[in-house]
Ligand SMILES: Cc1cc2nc3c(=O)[nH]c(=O)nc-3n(C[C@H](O)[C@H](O)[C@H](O)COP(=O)(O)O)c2cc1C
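Take a look at this one chain, the form predicted alone, written out in structure tokens.
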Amino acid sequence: MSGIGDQFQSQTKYHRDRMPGGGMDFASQPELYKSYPDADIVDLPFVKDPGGLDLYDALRKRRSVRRFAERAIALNQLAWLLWASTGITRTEDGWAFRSAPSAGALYPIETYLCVNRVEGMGPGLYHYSIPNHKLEMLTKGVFGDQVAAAALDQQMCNQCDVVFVWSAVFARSKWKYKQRAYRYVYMDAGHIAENLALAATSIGLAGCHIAALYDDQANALFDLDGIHESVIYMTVIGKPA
């Protein structure tokens, strides 16, 4: 029996003899960055070389970890993880290139954080301002229980140091790729999550990726409508127990 996933896969195929037509209207292209101009700002250091494992050893040692020691990670470690996962690596001819690839360089993924324990930061919900390499505080307070509840009650969200929460702004990719954009959005999130996993492993941290979540609960935490922007993925990060 064909389900909605089967129909999507079939209906978004490319065929050599009937590729979708139409040009791109650059005047209507969505913004590449989301910002919260009224938010309190947390300045992040730029970590050029955090030391630690080389790529081979990080690949070999990476594994999913669900239990964490109750010791806060350092702010410079968090800064490294944010930049390594999706930060800007260079700018050429007005184009900002990031550490992870994105279909059409449209970058539909936004990074939010639930901070439980980070040295020099209060607990709360934050948004990563990519062009400024800063964090924007959305809501102060302890939200680990609520994030865990949104992630099918997985308590590692409450026990870790920080939860990376990734949303997709679908219009950024749909502007060019129409309905096929949904194929690319999820791949984009996967690229970023793997960068994070390797960056964390390289400095002695660990994590676990989470795709099982109650969408509406996760979106409500960050005031997302679930239509134009929706949480699609999470990763817990901390010091392994």
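From a predicted model like this one, the values you see are computed outputs, not experimental measurements. From 1 onward, residues are counted along the sequence shown.
The discussion below concerns the form predicted in complex with the named molecule, not included here.
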Testing 171-179, 204-212, 28-36, 46-54 against the named molecule in the predicted bound form with a 4.5 Å heavy atom criterion leaves exactly one stretch, namely 204-212
As a check of understanding, the residue in V115, M156, I130, V147 with any heavy atom within 4.5 Å of the named molecule in the predicted bound form should be identified as M156
Task: Contact of R63 with the named molecule in the predicted bound form (heavy atom, 4.5 Å) - done: yes
